[in-house]
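We begin with a single chain expressed as structure tokens, specifically the form predicted on its own.
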């Protein structure tokens, strides 16, 4: 019995020593980082938004695994670990996405899940990641409600929310002396559309105090047919028609409204429209005011990182990158920065979830669209700069050019920490830092 105890104890000590040695071993080239990626691969949001995001992720991960990304991202993969993507379709609704998120963590054993475009999906999956204590990086989904109505430890959003788009759009209109005595609006009837509408109207009432809201429409997401709504907008004849429609819905609205004369009757202003320019081409009316949810695509500013993404993506995919490709790129680069920051503190080992969470909180990193700063929601919500412009079709290049571009600093168009977006806007956007 004594011999058994001594032998067993020796085995335990040896096992513990081996485990300690294993735990202390730095990450090697044989290690991989399994990354779950969620974006629309089918449905009306796929063509102009979800697939460009997927293509952007594939381009960036391929470049990272080759060690071909410019400084400060030249190290292979994530801290020497090759990135292994597991890409799934976001189409199907929030209930399906909740189950798919569980599958990614529990069946596919991914280290982190990154993605999501729909605000409804983001609101549904964030509490699940928190419940499972798994890291979730939201790359888009504009509703401010994610962190303004809840507090998360394991959830991050690496792009600014919709308040930036709408405050920036109204600031651009004011700077360009756009007349807006009357306003009509058409937005999708879910979190993104409702929150965007509220922010735009509130910002308009601050900078255009005499503006009168006329027709105010909320068709369902994916409606596709807008004959009744366009008749109402043409009939209203407002100075400005505002919309946060996106993807296939925005394409359909533009194609159906132009023959009815809406762009000639009212100034169209779209908060997030750059991604439909390649598929629409000369069908996009000249003079439309658009945003891209950042300084992205044809509104991006020259830098080594932007040159790398713009030229490399265009050469790989035959079309220039739009907002979805930029947003998923800045998410992946931010996660890489967090993983490598965590590894610098733990002796170079593959970091745990809690080590990655600590490293991502309050992080800042350069991206092709400018500096990303996790300044809101206790370091879990990003702010970033943004640009707006007008459309002008270029028949020589057979594409829509963007002219009269104006840039806004992140702290000019995003609320300060600790203040809810709508309260900040209605309070006169106090503390905004605009050059």
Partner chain sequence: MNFFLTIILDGLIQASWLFIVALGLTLVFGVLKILNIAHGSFYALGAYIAATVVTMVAARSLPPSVGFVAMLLSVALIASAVGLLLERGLLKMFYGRDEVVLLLVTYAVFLILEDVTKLIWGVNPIYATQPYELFGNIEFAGLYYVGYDLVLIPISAVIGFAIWFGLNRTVIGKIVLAVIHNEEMSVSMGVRVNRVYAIAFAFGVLLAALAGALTAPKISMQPGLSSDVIILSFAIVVIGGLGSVEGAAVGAILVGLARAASVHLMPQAELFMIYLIMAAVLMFRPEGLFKREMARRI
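Positions refer to the first chain, counted from 1. This structure is a prediction, so every number in the text was calculated from the model and none was measured.
Quick note: we don't show the form predicted together with its partner chain, though the next part is all about it.
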property	result
Close approach of residue 248 to its partner chain in the predicted bound form, 4.5 Å, heavy atom	yes
4.5 Å heavy atom contact, residue 283 to its partner chain in the predicted bound form	yes
Residue contact check: residue 44 to its partner chain in the predicted bound form, 4.5 Å heavy atom	yes
Interface membership of residue 220, its partner chain in the predicted bound form, 4.5 Å heavy atom rule	yes
The single option of 229, 130, 148, 355 touching its partner chain in the predicted bound form, heavy atom within 4.5 Å	229
Among the candidates 72, 362, 224, 93, the residue which, in the predicted bound form, approaches its partner chain to within 4.5 Å (heavy atoms)	224
Triple contact flag 216, 260 and 265 to its partner chain in the predicted bound form, non-hydrogen atom at 4.5 angstroms	yes
Segment assignment from 93 to 101, 170 to 178, 289 to 297, 232 to 240: heavy atom within 4.5 Å of its partner chain in the predicted bound form	232 to 240
